[in-house]
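Before any questions on binding or motion, here is one chain by itself as structure tokens, the form predicted alone.
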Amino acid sequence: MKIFLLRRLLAAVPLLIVVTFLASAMLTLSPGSFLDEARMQPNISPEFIARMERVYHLNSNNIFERYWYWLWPALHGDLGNSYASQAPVSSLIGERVVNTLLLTGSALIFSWLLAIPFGVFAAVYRNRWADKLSGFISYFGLSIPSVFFSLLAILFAAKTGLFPVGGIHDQANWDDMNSGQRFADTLWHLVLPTVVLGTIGMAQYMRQMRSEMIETLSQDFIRTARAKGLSWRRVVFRHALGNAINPLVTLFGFSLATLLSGALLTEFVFAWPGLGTLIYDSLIKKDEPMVMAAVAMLTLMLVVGNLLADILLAIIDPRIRLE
């Protein structure tokens, strides 16, 4: 197991290099730079622009040279300063990544808590009302775009007033709240983006859970357990569920990429202060240190997600752990 984990961690190194290099190359080859807005100001001299180009290494269009200017300090733990705010990139990323993890983690819990029982009931009551209801929910989650679903949720919040239309907390009264009120207010703002993001993941998990349960319930060991006089509830939840859930754990690592990409759009629509809005603003301004650090962080989160899926699968299934 230790050798497997070490091999996966070592494989993440070239992946990070390739992804960050491609991001740097696209930023270098795309038209414009961070100093374009400064060039339009008549009170800023060309000499100052030229000096800033040398400071920011924007005077070179060599993709390898520009990438090395970012990579070498990054290997020493220095992600640079944001061009726009002149603040350390690591501190800005640290503030936003917690909010993104809060949203994606809540969406994962929401999707798993609903997908597993819905998928089990759909398989047990195949071609009945539970199966049809689960099928409708899964088709809805798979077909509706996250941006459109987010706009519908904001429209619902604006019309009913039951939920806030955006943000992570109440900006006006936040300073006057105690810790309990702040926690409740954050959860209140978290409900709608969690439902939007979690429904998309839930649909995928639900369909996978249903198909795996149908296949597992037709196995010989299930018929043997029923022949021994075990109750149907115990057979389903003690014997069948443990075997059917393995593919869902594997799917967790792959679906994390979809979850994070959906979170970027959901954050932007709901004005959630996470990595999504930070990356969007940085791309508009061509704030290269911020974009590169955010891309590296998202890639690292995907690697960790897949690694966690492998560890959970080994814990759940002893056969994989022995292999």
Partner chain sequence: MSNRNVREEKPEAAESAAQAVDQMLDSRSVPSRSPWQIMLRKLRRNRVAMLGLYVLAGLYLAAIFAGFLAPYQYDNADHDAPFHPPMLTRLHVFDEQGNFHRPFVYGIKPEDLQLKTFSEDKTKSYPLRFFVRGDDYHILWLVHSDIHLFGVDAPGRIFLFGADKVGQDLCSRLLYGAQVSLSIGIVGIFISTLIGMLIGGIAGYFGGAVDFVLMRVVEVLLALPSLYFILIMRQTLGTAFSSTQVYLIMVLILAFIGWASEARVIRGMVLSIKEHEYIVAARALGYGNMRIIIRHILPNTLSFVIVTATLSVPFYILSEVALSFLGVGIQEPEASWGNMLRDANNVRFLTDFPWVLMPGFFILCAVMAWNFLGDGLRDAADPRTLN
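Being a predicted model, the structure only gives us computed values, none of them experimental. Residue numbers count along the first chain shown, from 1.
The next section is about a form of this same protein that is not shown, the form predicted together with its partner chain.
- Query: So which stretch, 68-76, 237-245, 213-221, 81-89, is the one near its partner chain in the predicted complex (non-hydrogen atoms, 4.5 Å)?
  - Reply: Careful reading of the contacts points to 213-221.
- Which residue, 98, 109, 162, 155, has a heavy atom that falls within 4.5 Å of its partner chain in the predicted complex? Only one option qualifies, and that one is 155.
- Query: Counting only non-hydrogen atoms and a 4.5 angstroms cut-off, does residue 50 reach its partner chain in the predicted complex?
  - Reply: Because no heavy atom of residue 50 falls inside 4.5 Å of its partner chain in the predicted complex, the answer is no.
- Message: Residue-level question: is residue 204 within 4.5 Å of its partner chain in the predicted complex, judged on heavy atoms?
- Response: Taking the distances in the predicted complex, the answer for residue 204 is yes, it comes within 4.5 Å of its partner chain.
- According to a 4.5 angstroms non-hydrogen atom cut-off, is residue 23 in contact with its partner chain in the predicted complex? It does: once its partner chain is placed as it appears in the predicted complex, residue 23 has a heavy atom within 4.5 Å of it.
- Item | Proximity of residue 34 to its partner chain in the predicted complex, heavy atoms at 4.5 Å | No, residue 34 stays farther than 4.5 Å from its partner chain in the predicted complex.
- Item | Residues 142, 265 and 280 all lining its partner chain in the predicted complex, heavy atom within 4.5 Å | Yes.
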